[in-house]
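As structure tokens, one chain now follows by itself in the form predicted alone.
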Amino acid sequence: MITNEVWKSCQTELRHKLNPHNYDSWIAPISYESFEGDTVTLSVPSVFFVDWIEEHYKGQIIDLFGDVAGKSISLKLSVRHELDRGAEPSSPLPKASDAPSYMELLEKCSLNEKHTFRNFVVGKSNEFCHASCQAVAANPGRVYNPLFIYGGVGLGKTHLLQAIGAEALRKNPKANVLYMTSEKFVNSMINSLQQGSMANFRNKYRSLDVLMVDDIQFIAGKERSQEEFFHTFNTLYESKKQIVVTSDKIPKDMKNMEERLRSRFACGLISDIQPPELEIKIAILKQIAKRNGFDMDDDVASYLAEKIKSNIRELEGSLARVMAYSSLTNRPINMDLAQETIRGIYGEVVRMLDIKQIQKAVVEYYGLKIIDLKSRSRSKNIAGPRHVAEYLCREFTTASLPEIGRSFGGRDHTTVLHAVSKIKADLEVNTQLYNEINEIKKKLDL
């Protein structure tokens, strides 16, 4: 029997698993309502909570309840004021009469209904990739096949990938469309091998009209997975079926990926997504707020856009926290609330390093030696990493420009400043450089 005490125990378990800020924002406000049949009903403060929990925490909650009950449990989320009026728990958004069948198609194909072209904000940083994806969705298998999308973490690759599938299904509900991560492809293959059902596995993937695989770089180094994907790719390609994959690297930079796969990825259209400009970030924030029924002034959107410098996913997370806080406190979204909500979470504390730590991380990433960074060489394979190291030293150490210059072979402070300015400018347009610096920052735990 699932009771309020059981829910309290589940909350305690989630408190241990989640970041304290996430727990306080999303899990603590949930209340237990009832348990009937196999369905647990929990209440939340607003419609926005329903959407966010459905997307991010529903699976974990269902698993915890299932462990207690010893059987599969369904979860229903209801807005608290609806229950107060005595209304029946309902879904968060009204749907058109033909929507359920389309929604069922999206769910069957592992697609998120929010990831559509309509909900994607277009700007200079992504307009070419957006146009490429629209062309593919309009004529699957006829243009840009395969389509290879690459870019840094949280820039919108998954959104566009799923938008292709959603649009293809809208145009042709009978199309056999599938979205999946490369990890799921690998796990599916392993399970089929263990169960002796590889014929079913191959039939499933090689009979698709549109195959979309996210983060294809993760099959690198997995020989059997690459073998199966290679033959799946060939079968679909020869049948003029659409293949779309995403990666954080361009094909030629995918280490441990078989050459025959890299050449096939490169034989179609390669389209990149670059880090978004400030205007795009502001537009994204205002669109999401409006979609969730919140008013947001330009100054608040600008504040959040400037505060969150990493990626779109982090930007959406910051706004989600602000909207949740607004719902809980029944206050409008203004500058005071935004500053109060994200204080101490985003950009307030920056880990400071020393120059040697950064130099070591950079040379390890690029396969160089410290002496190379201090040399007078201007060759691209050394000057580029040197500029990256100088930029990181400026961003994450307390060292002055002259001090940084002395640590890189006695360079003048103006030379260092030029290198830092160059990297900052390149980061706005160079996805590969953006990814490289992010990888180095991960090594430094930044």
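The model shown is predicted, which means the values in this text are computed figures rather than measured ones. Start at 1 with the first residue shown and count on from there.
One more form of this protein should be noted, the form predicted in complex with a small molecule, which is absent from this view; the next part is about it.
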If we take heavy atoms and a 4.5 Å cut-off, which stretch out of 205 to 213, 151 to 159, 366 to 374, 319 to 327 is in contact with the small molecule in the predicted bound form?
151 to 159
Using a 4.5 Å cut on heavy atoms, which of Leu105, Leu236, Ile284, Leu75 is close to the small molecule in the predicted bound form?
Ile284
The listed residue (Asn187, Asn256, Asn334, Asn119) that reaches within 4.5 Å of the small molecule in the predicted bound form by any heavy atom is Asn119
May I ask you to check whether Lys241 falls inside a 4.5 Å heavy atom distance of the small molecule in the predicted bound form?
no
So in the predicted bound form, does His115 come within 4.5 Å of the small molecule, heavy atom to heavy atom?
yes
Find out whether any non-hydrogen atom of Ser271 is located within 4.5 angstroms of the small molecule in the predicted bound form, and reply yes or no.
no
How about Ser132 - does it come within 4.5 Å of the small molecule in the predicted bound form, if we only consider non-hydrogen atoms?
no
